[in-house]
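Form predicted on its own, single chain, as structure tokens, below.
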Amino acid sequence: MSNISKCKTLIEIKAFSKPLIANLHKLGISNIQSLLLHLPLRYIDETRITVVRDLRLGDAVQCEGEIVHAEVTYKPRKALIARLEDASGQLTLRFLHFYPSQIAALAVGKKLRVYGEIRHGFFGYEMVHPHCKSVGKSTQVAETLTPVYPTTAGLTQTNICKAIALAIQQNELIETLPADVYKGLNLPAFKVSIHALHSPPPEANLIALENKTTPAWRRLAFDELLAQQLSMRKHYAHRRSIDAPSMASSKILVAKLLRHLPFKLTKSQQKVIAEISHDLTQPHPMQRLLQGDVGSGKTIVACLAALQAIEHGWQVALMAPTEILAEQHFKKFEMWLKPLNLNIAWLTGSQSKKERERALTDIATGQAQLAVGTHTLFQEAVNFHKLGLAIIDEQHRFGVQQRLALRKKGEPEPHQLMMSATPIPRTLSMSYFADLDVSVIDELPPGRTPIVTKLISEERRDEILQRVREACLAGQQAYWVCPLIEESEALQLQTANDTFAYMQATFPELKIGLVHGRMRPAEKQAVMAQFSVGNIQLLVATTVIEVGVDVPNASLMVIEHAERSGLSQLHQLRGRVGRGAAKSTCILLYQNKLSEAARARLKVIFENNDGFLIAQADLHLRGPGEFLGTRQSGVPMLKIADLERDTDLLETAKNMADSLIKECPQAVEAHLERWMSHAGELVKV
């Protein structure tokens, strides 16, 4: 087995011109390996000629004949119309956009070979914008299926095909890993797979090729998944060589808090607390992701972890993405920790200078054992006396560099506990989160009432308004959530303001509040405080309330234009009700003309309350990017493998990654060089 760690760059190949190299760079292609792995989007079959009489509607075929008529028409719109004739009949060719050179190429008497989809036209069967080739006496039909590649401006399919043919000639199709790796997987060699995908034989199954289910596609999908696993596991192993504070289990503080809690921990909470506690005893930094559905009790788990650190003289930082959520954590921790004579510092961007300076002093001197805040916690002015544990809530809302900056506040490196109420599907957890340890709280505390979800058409708005009035007058509280429109905060704000004015006019007897992302933090806090104590009966809000708002008396939520939201966001919003003993309802208002995708999303949220099932459906409908946020900067998205289609390959790759790193490190480096470009660079997350 050869080593490919010094694979040739494009500049080293004389046949590659500077303009070609520049265009390939636009596609992220800089060396022979990345060019070999620039795989087709689809294929066309130019290996056979179909005569006109054998054409069938909807087929994509190749025909050959002579142009017997050509003209530019202007009714109903400008178009170039030509008729191609063979011995069995005529086929119309239609071009709605064309150049003078195309008019010349379609002159009467020209012999052409055309490829396209057969459609119904005014004169019978036709092709719209077919691919055309001039035919001479020596023109042969293609010997293989023709690949169609992803491209960019200035780079033609012909140029890409020539570049890939040159790459294949460079003899870099060697195996990177021992043959034993592929034993029993029934996968072809790398060289065979590359040839099969860039030049498939005529008899290849076109549907299987385009669905990426052929053995060749599966071989490369496996290699890509294995590279991802190897990269993440190397990072995981590297972290174990870094020093971190070793904190023995809590003997005093945890027991004290548990005695005073008005509720008992669930078995699931107890299990994850034990996992986190064990991690904190280790001399290397914990990197654990704590997942739990909305309302599953993650905050108390984080608090108990904090107490283990505090008991041994270490400080804890708790960072949340919004001031609303940060303040809610501050109040909960204050309620739990004040009776234990522990001090908490509160640090956000909206504080007065005096409050901020006092908080900074308490953190720097160690007077504050716990610091709660937003992104201000990792700013340069914040110096911890002895930071041992960083807790990050809704971790996907923070960038890689932000979390790294918080970790750098401690010496040695502090432990890190990340929390997410957006359940991560198992396959995603196995792949993009393979460098983390994951704990899951998979049961809700007793006494939580299930939330009833209703799908109601916009046409029944008056009924919903009446229901809101009745609920509020009966002593309950309600949310009315305005949608995010076209990713525009300005439009969302306008909608929220308009809705607020409308509600005030419609319900003069109710106390109505408004909260949105453009309000000053102090204003937002004031409104939320009034809502929390019941002084506001109906809260009109944007999706800013998606996380962290905990008002047990709020039992009704209406989400406008629910079809515009993703599943995970709808589930998060819905979780703002059902936090008390009262029966709770979430009404999803939708427009009548729903797309198929919107209909599918709403069906899932209507039928399910399980966050993990919803997350799996969201992964299927919207892809992994929705879950990753900015966490995985530097870790490429999968281009070939599909987490749903290739679950069996992912399982296999996961199971063998650690042993490969131990047993054949050089082969691992070669494999990573081929697939990740930067084999030795560990991604800091």
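If you're wondering where the values come from, they're calculated on a predicted model, not measured in any experiment. Numbering starts at 1 and runs along the sequence shown.
Not pictured, yet referred to below: the form predicted in complex with a small molecule.
Classify Gly295 as contacting or not contacting the small molecule in the predicted complex by the rule of any non-hydrogen atom within 4.5 angstroms, answering yes or no.
Flag for Gly295 set to yes.
Should Lys264 be counted as a contact of the small molecule in the predicted complex, where contact means heavy atoms within 4.5 Å?
Close contact exists here: in the predicted complex, Lys264 approaches the small molecule to within 4.5 Å, heavy atoms only.
So in the predicted complex, does Lys162 come within 4.5 Å of the small molecule, heavy atom to heavy atom?
Outside the cut-off, so no.
Residue-level question: is Glu210 within 4.5 Å of the small molecule in the predicted complex, judged on heavy atoms?
No, Glu210 sits far enough from the small molecule in the predicted complex that none of its heavy atoms falls within 4.5 Å.
Counting non-hydrogen atoms within 4.5 angstroms of the small molecule in the predicted complex, say which of Leu173, Ile300, Met430, Cys132 makes the cut.
None of the other options qualify; the answer is Ile300.
Just one of Gly154, Gly517, Pro445, Gly124 has a heavy atom within 4.5 angstroms of the small molecule in the predicted complex, so which one?
Result of the distance check: Pro445.
Determine which one of 355 to 363, 502 to 510, 256 to 264, 408 to 416 lies within 4.5 Å of the small molecule in the predicted complex, judging by heavy atom distances; exactly one does.
Selected stretch: 256 to 264.
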